[in-house]
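Just the one chain here, the form predicted alone, laid out as structure tokens.
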Amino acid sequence: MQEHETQNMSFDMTSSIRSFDVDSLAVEVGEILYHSQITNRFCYGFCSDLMSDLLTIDATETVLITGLITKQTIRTAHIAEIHCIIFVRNKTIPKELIQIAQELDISIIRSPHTMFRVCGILYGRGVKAIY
């Protein structure tokens, strides 16, 4: 596999899939409220406010984009092995949720943009849809 890496993005020359780390995702769409201690790369994006939908996908290397600010969002992401959540529409994230994300080591990004715009930005940069 040939891989080319620039800054925090890598590009697999054979499969045309780009991967991003948390820092590069935040540069594109918002600010980091908590950065996981684990270095993860993300190739896929999935947006939903229905956490039951999240449990139906293979979430490997996936970032969750949602406007649902609840404890259930963080806990469901953990069960689905999601390691980064982007909360949209500049909503206030309660400290309690950030604390749960820290306990479960899930990166949290807050974006001032709508869900539609965040998806468009990430798709335009090479993040792929799950399906």
Partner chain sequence: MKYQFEVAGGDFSHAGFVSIEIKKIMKRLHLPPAFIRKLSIANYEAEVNIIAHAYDGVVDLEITQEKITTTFTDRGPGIASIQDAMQEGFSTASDKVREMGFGAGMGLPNMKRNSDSMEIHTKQNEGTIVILSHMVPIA
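Since the structure is predicted, the reported quantities are computational estimates derived from the model, not experimental observations. Numbering follows the first chain given and starts at 1.
The discussion below concerns the form predicted in complex with its partner chain, not included here.
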>> Just to be sure I understand the contacts: of 98, 59, 32, 47, which is the one whose heavy atoms reach within 4.5 angstroms of its partner chain in the model of the complex?
In response: 59
>> Would all three of 51, 55 and 75 be in contact with its partner chain in the model of the complex, where contact means some heavy atom lies within 4.5 Å?
In response: yes
>> Taking its partner chain as it sits in the model of the complex, is residue 43 in contact with it (heavy atom to heavy atom, 4.5 Å or less)?
In response: no
> Looking in the model of the complex, any heavy atom of residue 71 within 4.5 Å of its partner chain?
Replying inline: yes
>> Within 4.5 Å, heavy atoms only: does residue 80 come near its partner chain in the model of the complex?
In response: yes
> Does the 4.5 Å heavy atom contact test between residue 27 and its partner chain in the model of the complex come out positive?
Replying inline: no
